[in-house]
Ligand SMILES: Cc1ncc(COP(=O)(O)O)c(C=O)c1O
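The form predicted on its own is given below as one chain in structure tokens.
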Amino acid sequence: MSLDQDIAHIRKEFPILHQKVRGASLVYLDNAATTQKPQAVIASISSYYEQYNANVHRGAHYLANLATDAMEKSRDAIQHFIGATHREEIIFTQGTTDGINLVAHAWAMTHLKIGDEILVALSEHHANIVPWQQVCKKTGAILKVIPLNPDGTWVADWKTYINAQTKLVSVGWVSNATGVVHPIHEMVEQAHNAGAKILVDAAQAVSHFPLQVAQLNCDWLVFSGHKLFGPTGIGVLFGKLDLLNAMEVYRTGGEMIKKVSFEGTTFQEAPLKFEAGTPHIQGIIGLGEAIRWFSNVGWEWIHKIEMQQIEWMKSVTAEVKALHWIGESERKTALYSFWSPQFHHADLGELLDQQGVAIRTGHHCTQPLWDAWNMSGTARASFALYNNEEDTVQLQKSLIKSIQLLIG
């Protein structure tokens, strides 16, 4: 099967793509914000509600056993997908933001002290900045920032930002603002050499290349299901098992306890220790199905599709000279941020929408980056494995038409 045929086959599995938007065929290029869902994921959620809706772990009846089994099979699927050593290292969260906050409250708040340093990069999403600011406010720790080169990569001397005072590094593997892929393997090694822990934000990486956390040797890794063709409101925190069991509890309530009395409470070990209350059962089941679906496509084809999308976009960036394209690094995903000093990016996004092209505009939750670069934000087109050459051609045509309308 050719690459074009393979993408066409994949597109058939996404019902939402086969519609008109404002009279034009939908071109969905906002995948960094959220990916669309294949029919298999949609069906798995419907099946749960139609056939075995019940609460998990606690029930002694048939439906509860089915629901629990489906949920725990998703945990197993995620463990295999990210290469974790133990299934207990997989914690279900509300998403990337929730996972980062869990580590901030359950580890950083109790382990850091005055003068300790937390290291992030200038390109971080707000969700990987604000929790650490709160930790610093409460503990007296200091937030340090790795600057960026003009192409969006970390500065050449980024290793010098790690020192004896560095106790935590928390960095994104792929920038949601530029698409640049950062040298995470080297960062993990440098952090550990300095005696620091490291959290990897893989929200933008999870659908682009294998994570393999045991090989990576990171202490924590987080991602969101909706970036991986799964439901919203569900995510994963991976943590090394001994580290998870040594962390403080984050939320308290049902399911995460061993014994409750008015004299005191004892808690479960991971993963239940961090999964208080009724979980997002249908979301977990949907995420498991998304991972099974995605794994069936295979990393080889996924890589080929993205490399082809990058090649298609080279002609767009070369042809549409009225725009400044950001993040043109050799190591990047098929994500493109662009802007013009002649018009506002929001106006460009609105005109593209009128032609059926869905992109993102704004600061993309990376305001410190744009402030450092004296910009208010960008327009952003981000690809997934169902985007074909026709989508790229339509993007180019719509950009040219919109720019003509904006500047004449």
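Remember, it's a predicted structure, so these values are computed and weren't measured experimentally. We number the residues from 1 along the sequence you see.
Same protein, other form: the form predicted in complex with the named molecule, not shown, and the subject of what follows.
- Note on the partner interface in the predicted bound form: the residue among 332, 208, 227, 280 having a heavy atom within 4.5 angstroms of the named molecule is 227.
- This chain is drawn without the named molecule; in the predicted bound form, the residue among 198, 213, 127, 71 with a heavy atom within 4.5 Å of it is 127.
- Using a 4.5 angstroms limit between non-hydrogen atoms, residue 153 is distant from the named molecule in the predicted bound form.
- Taking the partner from the other structure, the named molecule in the predicted bound form has no heavy atom within 4.5 Å of any heavy atom of residue 244.
- Among heavy atoms of residue 41, none comes within 4.5 Å of the named molecule in the predicted bound form.
- Contact between residue 97 and the named molecule in the predicted bound form is found at the 4.5 Å heavy atom cutoff.
- In short, of 299 to 307, 78 to 86, 110 to 118, 171 to 179 it is 171 to 179 that has heavy atoms within 4.5 Å of the named molecule in the predicted bound form.
- Along 190 to 215, a non-hydrogen atom within 4.5 Å of the named molecule in the predicted bound form is carried by 201, 203, 204, in order along the sequence.
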